[in-house]
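Single chain ahead, by itself, as structure tokens, in the form predicted alone.
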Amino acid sequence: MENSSDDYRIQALDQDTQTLLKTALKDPSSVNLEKVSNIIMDQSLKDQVFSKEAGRICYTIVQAEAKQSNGSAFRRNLLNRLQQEFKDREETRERSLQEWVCYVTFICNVFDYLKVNNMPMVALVHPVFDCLMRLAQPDALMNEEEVDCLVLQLHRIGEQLEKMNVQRMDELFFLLRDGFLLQEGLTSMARLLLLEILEFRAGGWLLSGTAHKYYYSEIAD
């Protein structure tokens, strides 16, 4: 995967941090990988655009480290940090909705990119489900930002996640269906997004052309 560092959205970082990440992408054994994983995590929590790109950075560092020394120190450090933030997720959500949404985006992004023997990392399956289940609770469905995050993640990794655990995906969709049918006070946008994701999974993680046109013209309006 040949990418200029500009593709990784790291221009927003200060010069020293950019240099560190650029080095990690090419020569991981020459830098402190714990520091690198912390920088990526911290930046992901602050910056929603970065949190969507960060999985790709992690993937590239993991590949480079495996090739260079057959090592997995970066992946281990990254998982430790993800786990630490996961434990504090409720406090994060209460403190800052944006940070919480960024965390969910990042962990789903890492789940999408980082594979072991071409399979998603088992260690991330339950934490990712737990985050998505939290976004499907009645109080979260009242926040368009959280509904939007939930639907985006399910578009991206729903099918992969379902293959890892159908039962939990069923539980998640029971919550979404109940939220859509029974919950009062949802915004019309949240209702539309929920209906769209219910149809998306019902259609085998695909939207028909007609449905796509319907939802996306509504959203554009």
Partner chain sequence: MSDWKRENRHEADDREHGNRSHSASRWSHCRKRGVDGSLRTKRDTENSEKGHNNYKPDNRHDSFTTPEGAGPVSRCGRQTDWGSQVEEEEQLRKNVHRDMQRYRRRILGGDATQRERRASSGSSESCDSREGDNIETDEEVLLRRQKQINYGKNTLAYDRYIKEVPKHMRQPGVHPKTPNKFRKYSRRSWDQQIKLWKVKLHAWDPPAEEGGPEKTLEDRDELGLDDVMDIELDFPSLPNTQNVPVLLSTNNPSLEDDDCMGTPVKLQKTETPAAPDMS
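Numbering follows the first chain given and starts at 1. In this text, all values refer to a predicted model and were calculated from it rather than measured experimentally.
Absent from the display: the form predicted in complex with its partner chain. The rest refers to it.
The stretch from 38 to 46, 170 to 178, 53 to 61, 24 to 32 that comes within 4.5 Å of its partner chain in the predicted complex, counting heavy atoms only, is 170 to 178. By the criterion of a heavy atom within 4.5 Å, Leu161 is excluded from the residues contacting its partner chain in the predicted complex. In the predicted complex, its partner chain sits beyond 4.5 Å of every heavy atom of Val104. The closest heavy atom approach of Arg76 to its partner chain in the predicted complex falls within 4.5 Å.
Although the partner is absent from this view, Val166 stays clear of its partner chain in the predicted complex, with no non-hydrogen atom inside 4.5 angstroms. Although its partner chain is not shown here, in the predicted complex the stretch 72 to 96 places heavy atoms of Ser72, Arg75, Arg76, Leu79, Asn80, Leu82, Gln83, Phe86, Arg89, Glu90, Arg93, Glu94 within 4.5 Å of it, in sequence order.
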